[in-house]
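The chain below stands alone and is given in structure tokens; this is the form predicted on its own.
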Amino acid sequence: MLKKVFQYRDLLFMLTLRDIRIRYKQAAMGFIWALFMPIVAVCAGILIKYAMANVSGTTIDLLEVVSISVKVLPWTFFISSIRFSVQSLVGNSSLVTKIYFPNAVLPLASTLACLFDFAIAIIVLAVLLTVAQLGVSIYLLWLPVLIIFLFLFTAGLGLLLAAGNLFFRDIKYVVQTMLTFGIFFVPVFYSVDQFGKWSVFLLANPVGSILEAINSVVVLQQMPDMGWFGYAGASSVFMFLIGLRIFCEKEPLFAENI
């Protein structure tokens, strides 16, 4: 399947470009839409932090605000990719049933289009962190690896859910519900350190492990926990491979079930 996707890489590029163009076509805000959801999420996180600080009688640390901003971007990429990927096969039924190509390029194109939005948001955040004089460290070199982990996990899960939604159309509703409330079950608005021994349950989610590692190398400027780093990497590769395998096995049935 990977070989076929590589052979159809031009189609993958064109579908990704199509998804990006459709998203911004006749949009008054243009590329600002790539920042809209992260900004809303950051504001919600700051509001929650402010409420908690008022109750406990403490103040909000600037580092906490920066931490929320840094972790919101990969989380936004994750939920956007899954939301678009799960509908990618059903939404392109005319392509699936009429011409042959590796159907995996459809959910992968959705993920890559969201990666484009993610890149724009990262550039803007990098500028803001530079203005805020947060500084950089050698540990920032771990960031590209963590983004690759996140992409692999997201792409694999997107492939799995896209195939599942084609056979069971209510999967998209379950996914939408999970994504809506998922932010409260991953360490975006808070740190896992606040949960003590229960933090293992948050880090068992590979997305949570990746977010905490990103926070470590960008905000705390320290080495990520190598145990959880290895776990996140292994889980991401496993999810990508299992998603691709199941997608490949079910692909011959797509046309007759779509």
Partner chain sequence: MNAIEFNNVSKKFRKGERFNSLRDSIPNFFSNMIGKGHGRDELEKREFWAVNNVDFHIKKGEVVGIIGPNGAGKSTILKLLSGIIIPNKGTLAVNGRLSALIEVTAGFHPELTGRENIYLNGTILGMKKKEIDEKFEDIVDFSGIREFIDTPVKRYSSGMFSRLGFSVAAHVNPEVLLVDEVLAVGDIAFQSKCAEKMRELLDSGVTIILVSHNIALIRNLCQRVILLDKGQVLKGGIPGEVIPYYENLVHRQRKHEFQKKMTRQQMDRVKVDDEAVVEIKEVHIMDETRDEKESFSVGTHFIISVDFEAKEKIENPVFSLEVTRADGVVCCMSDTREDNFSIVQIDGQGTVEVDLGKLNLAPGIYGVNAAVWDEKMIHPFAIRHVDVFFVEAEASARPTNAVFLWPMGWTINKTSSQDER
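Residue numbers count along the first chain shown, from 1. Only a predicted model underlies this, so the values are computations on that prediction, with no experimental measurement involved.
Heads up, the form predicted in complex with its partner chain isn't pictured, but that's what we're talking about next.
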Just checking whether residue 255 would be counted as a contact of its partner chain in the model of the complex - the rule being heavy atoms within 4.5 angstroms. yes
Notebook entry, point to check: Does its partner chain come within 4.5 Å of any heavy atom of residue 72 in the model of the complex?
Noted result: no
* Any chance residue 171 has a heavy atom within 4.5 Å of its partner chain in the model of the complex? -> yes
Closest heavy atom of residue 95 to its partner chain in the model of the complex, within 4.5 Å or not?
yes
Of the candidate stretches 140-148, 121-129, 97-105, 154-162, the one with residues having heavy atoms within 4.5 Å of its partner chain in the model of the complex is 97-105
